[in-house]
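One chain comes next, on its own, written out as structure tokens in the form predicted alone.
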């Protein structure tokens, strides 16, 4: 009797939890209401079966409980019952599957007026490529991927010269324009999904998959990877901005084409040397750094990383509240007039000899190795050299005290939370691998052993 009551209460509690739960679908922002319908229909069918079966079970436990003088009757077959159950099950299965087949037919047939946009997934970031004036995307191949051509666009294909390449995790789309996203991966399985769009698809290395949707609501929505793709899977985030056509046109006009990235003028090292004079006061004539002035070593750091960080200081992504020394750097960064000036300085710094910084931090090297190997090496590599591929700066041979300061800043939310600092936001999460200052110092002590 008690078991029957427990099952009955379980059914009632489940129904109440379902309708009172805060975990419902996000408001839909694409023309895929049919997917919501099929999912809701599945809920109703399976929910009915769950309630009916469990209430019937509770009834049987109560009705046929052990009684004095009661004897069970064995009935090996009941054709009427079997036919009824088979018919009900068939209707239920058809009700769940048939609508999905119609939705799938729509899913695989892309509208003729859909615009093709490429979504490129790699550990652990999103990048996008738009067709240029010719309305066609050029061919691409992973074998052509380099630091200067991260999309692997075929330089011999004239259709790809005007392609707009967006090396940023933010995807912009015009409102009401059907879009077909061509999905490519450069490394492992990923999955592109925007919960508000209701559609998702795997990115499989070696082939191009696709999905399509028609954005119906303006706004900013999260892009997520829903395929376990490595240690940084949970921070592989991006955003979709759905905006009016005029705003989209203005945004895309500011982006760079593939041809422009391949024909960019070389930086002027002499101009960079002149501009670096103001930097040398703190960072040293050869970029060796000065801890007394809270100026880290620059020599040996990748130019693309130096460019990005200077731009962050100029844009306010770094040097905000709580970052006293970063605020000082922001003032100097703003002395560089534009992106060209920033590239010139980074190019000049790249001419400095890369002499490893003197260690200033001590700690448990073995514990530091364990933490670094499990968490940091996936991006910054086993040798601490970093790589442009996943936007990871060099750590080995750099200022260990600066590493301790910046990891502490990530953990404290002083750095990495600005809306435009996408990769800094990833570091905010990854920095939690070090639980306190002592463990941060342990990792710094281990990185000191990687000096080249």
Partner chain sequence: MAYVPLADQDKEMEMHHPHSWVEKYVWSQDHKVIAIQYGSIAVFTGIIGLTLSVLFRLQLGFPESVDFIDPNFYYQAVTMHGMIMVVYFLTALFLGGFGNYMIPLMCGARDMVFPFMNMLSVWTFLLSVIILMASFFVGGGPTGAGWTLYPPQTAMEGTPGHDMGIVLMLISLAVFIVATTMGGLNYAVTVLQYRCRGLTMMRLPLTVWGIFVATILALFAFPALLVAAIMMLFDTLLGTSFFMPAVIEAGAPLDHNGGSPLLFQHLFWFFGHPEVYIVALPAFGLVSDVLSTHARKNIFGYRMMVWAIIAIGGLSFIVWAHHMYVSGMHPYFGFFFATTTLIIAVPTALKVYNWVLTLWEGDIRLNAPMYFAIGFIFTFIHGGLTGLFLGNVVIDLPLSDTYFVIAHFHMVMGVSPILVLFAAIYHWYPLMSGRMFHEGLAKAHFWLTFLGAYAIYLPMHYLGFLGVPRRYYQIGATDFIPASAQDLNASITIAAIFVAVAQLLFFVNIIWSLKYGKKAEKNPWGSASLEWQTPDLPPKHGNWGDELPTVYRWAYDYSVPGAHEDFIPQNTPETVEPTVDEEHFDPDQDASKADI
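Residue numbers count along the first chain shown, from 1. Remember, predicted model here, so these are calculated numbers, not experimental data.
Omitted here: the form predicted in complex with the partner chain. The next part is about that form.
Q: Does each of 265, 365 and 401 have at least one heavy atom within 4.5 Å of the partner chain in the predicted bound form?
A: No residue of the spot touches the partner chain in the predicted bound form.
Q: In terms of non-hydrogen atoms within 4.5 angstroms, which of the given stretches 373-381, 332-340, 296-304, 174-182 touches the partner chain in the predicted bound form?
A: The contacting stretch here is 373-381.
Q: Can you pick the one in 89, 351, 285, 360 that has a heavy atom within 4.5 Å of the partner chain in the predicted bound form?
A: When the partner chain is considered in the predicted bound form, the option within 4.5 Å is 89.
Q: If you check 396, 35, 28, 414 against the partner chain in the predicted bound form, which one has a heavy atom within 4.5 Å?
A: Of the listed residues, the single hit is 35.
Q: Using a 4.5 Å heavy atom cut-off, state whether residue 345 contacts the partner chain in the predicted bound form.
A: Contact check for residue 345: no, nothing within 4.5 Å of the partner chain in the predicted bound form.
Q: Should residue 187 be classed as touching the partner chain in the predicted bound form when contacts are defined as heavy atoms within 4.5 Å?
A: The answer is yes: residue 187 has a heavy atom within 4.5 Å of the partner chain.
Q: Just to confirm, residue 229 within 4.5 Å of the partner chain in the predicted bound form by heavy atoms?
A: Output for residue 229 is yes: heavy atoms within 4.5 Å of the partner chain.
Q: Taking heavy atoms only, is residue 255 within 4.5 angstroms of the partner chain in the predicted bound form?
A: Although the partner chain is absent here, residue 255 would stay clear of it in the predicted bound form, with no heavy atoms inside 4.5 Å.
Q: Taking heavy atoms and a 4.5 Å limit, what residues of 208-232 are near the partner chain in the predicted bound form?
A: Contacts from 208-232: 209, 210, 220, 221, 222, 224, 225, 226, 227, 228, 229, 230, 231.
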